[in-house]
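What follows is a single chain, given as structure tokens, in the form predicted alone.
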Amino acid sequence: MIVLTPLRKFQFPVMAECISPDVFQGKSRDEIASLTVYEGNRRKKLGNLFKIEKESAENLKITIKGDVNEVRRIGSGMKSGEIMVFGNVGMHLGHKMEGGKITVHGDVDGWAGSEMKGGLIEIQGNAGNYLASPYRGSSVGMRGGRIVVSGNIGTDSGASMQKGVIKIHGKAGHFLGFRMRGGVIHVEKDVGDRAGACMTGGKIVVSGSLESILPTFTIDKMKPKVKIDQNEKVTGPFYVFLGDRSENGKGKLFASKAANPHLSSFEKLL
């Protein structure tokens, strides 16, 4: 196991995609300390910014102790192993992740899990905007894996999602699942406006209050339960809406009947 502890509070963004079990694998402490990072526009060595302790070579695990809210791209492209962070984390956590596990005991900034293909990200706090969403100008969203957030998430999360599962125990902001094509998003609490806008496939399940339903969605039926994955079903009943019809979409938006009395007028259309 490798333990990283920040030597100071960072004032500028630190690009550190080298903090990955795949990169650390087989390297000595000195070799890890010599890995290149950028603090702002200055090239530095990882050992200039972190205290590095190598406790064991038996398992492929990295532990980060302390806030690294200015450190970006931790776990980028990782395929195996485990990262555990005790503090807040900066943007692009788990970018293009393919396997392994990342656990954060704190909050995470924007674009966590962007272009994710596999593995597991667990966030014990809140997540920022664009969770599992592509970057500007790209249409490549989450393509596999699982993300679990104990707190709330920001806006534009799950955009262009193709596969995988996103589980949110708190609230979600506007434009959840924008241009979603596949996969499952489950939010246990409230969701902002325009959920599922332009979605063509996939499933969004809202167990809390849904601010509104876009006019390009049509009600299809009521359902007593909804399957989230192989191991979980959520008890309803749920209103089931199909859309986004403006995109000839076949996505499904499930809204809890109990938490959304303002949607009862749709029942006359069943």
Partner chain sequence: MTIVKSVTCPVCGCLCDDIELVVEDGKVEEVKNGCAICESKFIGYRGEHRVLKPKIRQNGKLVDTTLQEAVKKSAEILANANYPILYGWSSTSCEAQRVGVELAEEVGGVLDNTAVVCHGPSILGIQEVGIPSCTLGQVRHRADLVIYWGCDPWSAHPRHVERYTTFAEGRFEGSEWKGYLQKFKAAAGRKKIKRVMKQAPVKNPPSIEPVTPSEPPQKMKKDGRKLIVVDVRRTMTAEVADYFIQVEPNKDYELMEALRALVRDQELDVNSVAGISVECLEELVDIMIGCNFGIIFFGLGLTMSAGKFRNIDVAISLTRDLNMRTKFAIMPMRGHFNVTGSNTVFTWQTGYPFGVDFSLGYPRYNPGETTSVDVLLRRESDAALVIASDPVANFPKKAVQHLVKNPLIVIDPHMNATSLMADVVFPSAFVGIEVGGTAYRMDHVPLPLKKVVDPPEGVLSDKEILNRILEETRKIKLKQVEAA
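Positions refer to the first chain, counted from 1. Note that this is a predicted model, so its numbers are computed, not measured.
The discussion below concerns the form predicted in complex with its partner chain, not included here.
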* Asked: Of Asn48, Ser28, Thr218, Asn59, which residue is found within 4.5 angstroms of its partner chain in the predicted bound form when only non-hydrogen atoms are counted?
  -> Thr218
* Asked: Can you pick the one in Glu98, Glu122, Asp190, Asp156 that has a heavy atom within 4.5 Å of its partner chain in the predicted bound form?
  -> Asp156
* Structure fact -> Counting only non-hydrogen atoms, the one stretch of 32-40, 59-67, 201-209, 226-234 within 4.5 angstroms of its partner chain in the predicted bound form is 32-40
* Using a 4.5 Å heavy atom cut-off, state whether Leu214 contacts its partner chain in the predicted bound form. => yes
* Taking heavy atoms and a 4.5 Å cut-off, does Met91 contact its partner chain in the predicted bound form? -> yes
* Any of the heavy atoms of Arg181 lying within 4.5 Å of its partner chain in the predicted bound form? -> no
* To do: Classify Glu247 as contacting or not contacting its partner chain in the predicted bound form by the rule of any non-hydrogen atom within 4.5 angstroms, answering yes or no.
  => yes
* Asked: Going through 117-151 from first to last, which residues have a non-hydrogen atom within 4.5 Å of its partner chain in the predicted bound form?
  -> Tyr130, Tyr135, Arg136, Gly137
